[in-house]
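The form predicted alone is given below as one chain in structure tokens.
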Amino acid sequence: MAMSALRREGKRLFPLISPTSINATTARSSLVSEELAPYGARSISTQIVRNRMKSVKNIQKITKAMKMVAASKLRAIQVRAENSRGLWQPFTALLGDSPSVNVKKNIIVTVSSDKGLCGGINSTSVKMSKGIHKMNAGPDKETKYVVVGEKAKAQLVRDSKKDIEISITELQKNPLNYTQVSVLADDILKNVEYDALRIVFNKFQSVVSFVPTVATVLSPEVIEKEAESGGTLGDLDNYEIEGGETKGEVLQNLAEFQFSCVLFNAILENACSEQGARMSAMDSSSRNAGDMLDRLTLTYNRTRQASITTELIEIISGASALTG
């Protein structure tokens, strides 16, 4: 009597269970759990899936928080970066722009970030710097690096350690101002000999767009040589120099001032690009975590259903064996 009642109760609660549906459910569960189950295991436990779901949820919370932090930092830096563009633009009109000038001593100033998780902006700057280094290499030429930022330093040290003259890190730890950058630019000019300074950075356009840019600052001697050989000095030739300063002294002061302004703008532009790229990277990571969480939830439900089905089969088979 008890076994007959148990069979009737099982049929009432689970009327749709059949050997075909049981086999199909078990097969799907085993296929989905192959990626999560250890090698040699026949099935995966629900506890493993729950732990994996918990870790993915924690990662998703972190990436969302990092996205919001990057957005708040971007709004603060973007206004300063846009205002700093007005510092170096007059120098281009005054002294001209000669990015393809052929000189003997080149200094490549590579601007990067100190932290990662911001896409490929640092790799882009390093690749462009290596390309410029290769273009200006030669038996009678000398090309060196000045590295700003930890990430570019870590990449250039691998194969260009002997060419790094100065390395500057943790520059963006505190909010920058022009005074700090001008002191930094003065230290760079005192410790290197150059005919052309080529500043490599990422110019900010939008949250999802940045342009790798190279700004060139020539030494006063090269500027005068270019002007004598038929080049142009921009609008500087239209002005008369008054006082006791010579044209060479004026060009020296202008070159130093130009380098500090261009470096200040380059650091701010690259910082904007870094925060924008970090926002995009964290947004993609959050969406990927959500997709993975959906797949894990499906795996958990299938695994749980498979275990319940297996237990029911064992109960019904045992009851049938006893009555038979």
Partner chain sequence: MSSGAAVPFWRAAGMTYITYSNICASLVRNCLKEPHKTEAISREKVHFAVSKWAEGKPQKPSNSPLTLSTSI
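Here the structure is a predicted model, which is why all the values come from computation and not from measurement. Positions refer to the first chain, counted from 1.
The same protein also exists as the form predicted together with its partner chain; that form is not shown, yet it is the one meant from here on.
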Exercise. At 4.5 angstroms, heavy atoms only, are K173, N191 and E249 all close to its partner chain in the predicted bound form?
Worked result: yes
Exercise. Based on heavy atom distances of at most 4.5 Å to its partner chain in the predicted bound form, which listed stretch, 203 to 211, 173 to 181, 121 to 129, 100 to 108, is the contact stretch?
Worked result: 173 to 181
For this session: Look up in the predicted bound form whether R85 has a non-hydrogen atom within 4.5 angstroms of its partner chain, and give yes or no.
Result: no
For this session: May I ask you to state whether E256 is within 4.5 Å of its partner chain in the predicted bound form, using heavy atom distances?
Result: yes
For this session: Answer for H133 alone: is it within 4.5 Å of its partner chain in the predicted bound form, judged on heavy atom distances?
Result: no
Exercise. Is there a heavy atom of V157 no more than 4.5 Å from a heavy atom of its partner chain in the predicted bound form?
Worked result: yes
For this session: Scan A196, I168, L74, A81 and let me know which has any heavy atom within 4.5 Å of its partner chain in the predicted bound form.
Result: I168
